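Presented as structure tokens, the chain that follows is alone, the form predicted on its own.
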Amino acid sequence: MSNAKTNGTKPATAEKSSKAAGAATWADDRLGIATMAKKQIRKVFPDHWSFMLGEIALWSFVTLLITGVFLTFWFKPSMTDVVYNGSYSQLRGLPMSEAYASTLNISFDVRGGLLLRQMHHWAAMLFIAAMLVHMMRVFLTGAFRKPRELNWLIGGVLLLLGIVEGFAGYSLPDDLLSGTGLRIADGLVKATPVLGSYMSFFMFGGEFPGDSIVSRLYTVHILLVPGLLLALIGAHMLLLVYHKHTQWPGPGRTEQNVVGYPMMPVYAAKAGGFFFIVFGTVALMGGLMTINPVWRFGPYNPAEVTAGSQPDWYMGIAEGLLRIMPGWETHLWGFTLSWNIFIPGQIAPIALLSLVLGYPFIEQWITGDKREHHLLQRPRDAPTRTAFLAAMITVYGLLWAAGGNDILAHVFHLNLNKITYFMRGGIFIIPPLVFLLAKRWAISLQRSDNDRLLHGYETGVIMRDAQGGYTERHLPISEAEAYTLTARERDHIYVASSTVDANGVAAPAARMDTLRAKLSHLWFKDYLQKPTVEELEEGHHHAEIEHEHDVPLEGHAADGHQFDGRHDIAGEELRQH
């Protein structure tokens, strides 16, 4: 009986499998899914901790989507006035908007609501911070060079959209703090020459604060910007796969290959585990660290402002610029041009972002480097680029501090006006000084690398020669380290061609050619190029002659071996060392 059942089941199972295989074959013949999938799941990704910065941004965004979907079930994007009768007794009976009342309801009456709301806010902070640090890593290592310039631009737009998304999100609760931020945004819009008042009226649906801004920001926050973010993240990942991942130089790694682990199963397992680490960290932050306690601020009232109010950290540039800008205004034909708002609120942030996003093209034009690059650079191997980023970080830090000048004055008992005057001067003086310091530091590290290549590393063994002089014994560095130090390319200063032809006629674009040559000279000024093969051989040869008859004094080598001075350099103990 059992045999009959078994024999009757096999043909049915085989028939079903055959049909499924036939359908899969039919689809693959027309779509090529299997071939494409086989290629991609075996795609190799390099393994280095710095590459996880981009993954933190990605998984933070996924966490944002998960927690955001939960919050949409209870949040009401309406500015209609209601009387609060919820669990928070200190605000009970107070008139407020439905948006603020629903935020309080999520925080105090929805099970797990406060946890998810705080997770959402912390994930937003982490998302923007991870993008910013990831872009800094890409910038420092030259990962934006050809053919990845477009991905660099996409990353910059993603950062800008993340900031817009964050601003729209923390403006939704309609509390006093977020309302103060919207009042500042209204001032920025109104500072636009000629059109400012019309733009503000259109945005708020009437005179500020109107009755439409929360519902409009809600649509932007849950639909428009997330859709753009998803599309750009998809394009970013596709270009990453198409161009192949960059990697750090090392033995066996070239511009034509990638050394690492395949997508399946190693990289996928690591990425999946990393998602749970990021999600768990955000959950701990949401459960243990209070953020944006809207119940402390109360509902928004245009006649009130929160003392010591500060925006989220990523708005520090705009806030700082607004606070230190002098009160410049111009009155023309009945119009007031508020330069003290228009320049710091609209012109300066866009100019700084454009400078950073356009940097790859500026560097490519000055250096004349049009080659493809898949090996990363160490920051010290590009001193000018490293110094530029150090200066930009200094600008950001100063403006961030300027955005909290009132807090600094209160906490440290300083004069508010003196802090403002210091920031006005420091924003023009300190970043250039940091640029020079960082560039000299990077060049000094280049010298240190060259010394290690030519003379080896310090062993801690002091030698005495026949003339009574003392030197420290050096030994050659490992082949792997030598490979890493010599993997960088030699830099070439651009030389301008003749500015006139044989007939004495000025050549086209002669001025730009001359400017490019001058900038190239300044760019590579004082750079140390890696030693040639001949220089390496000569350095090692001199080191061998120098220590040929040296005698070690009593002491300890770097590996802990003790020397008592009774063995010469040919001794077995030193040979092993």
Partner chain sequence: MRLLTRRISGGLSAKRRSRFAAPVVLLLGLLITGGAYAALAPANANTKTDDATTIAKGRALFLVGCASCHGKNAEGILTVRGKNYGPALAGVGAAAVDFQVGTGRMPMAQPGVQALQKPPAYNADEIEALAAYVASLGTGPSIPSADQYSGKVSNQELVEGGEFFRTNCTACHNFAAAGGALPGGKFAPSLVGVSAKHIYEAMLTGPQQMPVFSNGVLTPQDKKEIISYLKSSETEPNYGGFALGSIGPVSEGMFAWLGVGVLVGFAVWIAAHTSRSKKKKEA
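Numbering follows the first chain given and starts at 1. Worth saying up front: this structure is predicted, and the values here are computed from it rather than measured.
Quick note: we don't show the form predicted in complex with the partner chain, though the next part is all about it.
- Here the chain stands alone, but in the model of the complex its contact with the partner chain, taken as any heavy atom within 4.5 Å, falls in 120 to 128 among 332 to 340, 120 to 128, 457 to 465, 481 to 489.
- The partner is absent here, but in the model of the complex a heavy atom of 304, alone among 472, 149, 304, 109, sits within 4.5 Å of the partner chain.
- Only one of 293, 397, 425, 262 lies close to the partner chain in the model of the complex, with a heavy atom inside 4.5 Å, and it is 293.
- For a residue to qualify, one of its non-hydrogen atoms must sit within 4.5 Å of the partner chain in the model of the complex; none of 181, 433 and 438 qualifies.
- Contact check for residue 409: a non-hydrogen atom falls within 4.5 Å of the partner chain in the model of the complex.
- By the criterion of a heavy atom within 4.5 Å, residue 297 is counted among the residues contacting the partner chain in the model of the complex.
- At the 4.5 Å threshold, heavy atoms of residue 404 reach the partner chain in the model of the complex.
- Contact between residue 369 and the partner chain in the model of the complex is not found at the 4.5 Å heavy atom cutoff.
- If you take 408 to 429 and check each residue for a heavy atom within 4.5 Å of the partner chain in the model of the complex, you get 409, 410, 411, 414, 415, 416, 417, in sequence order.
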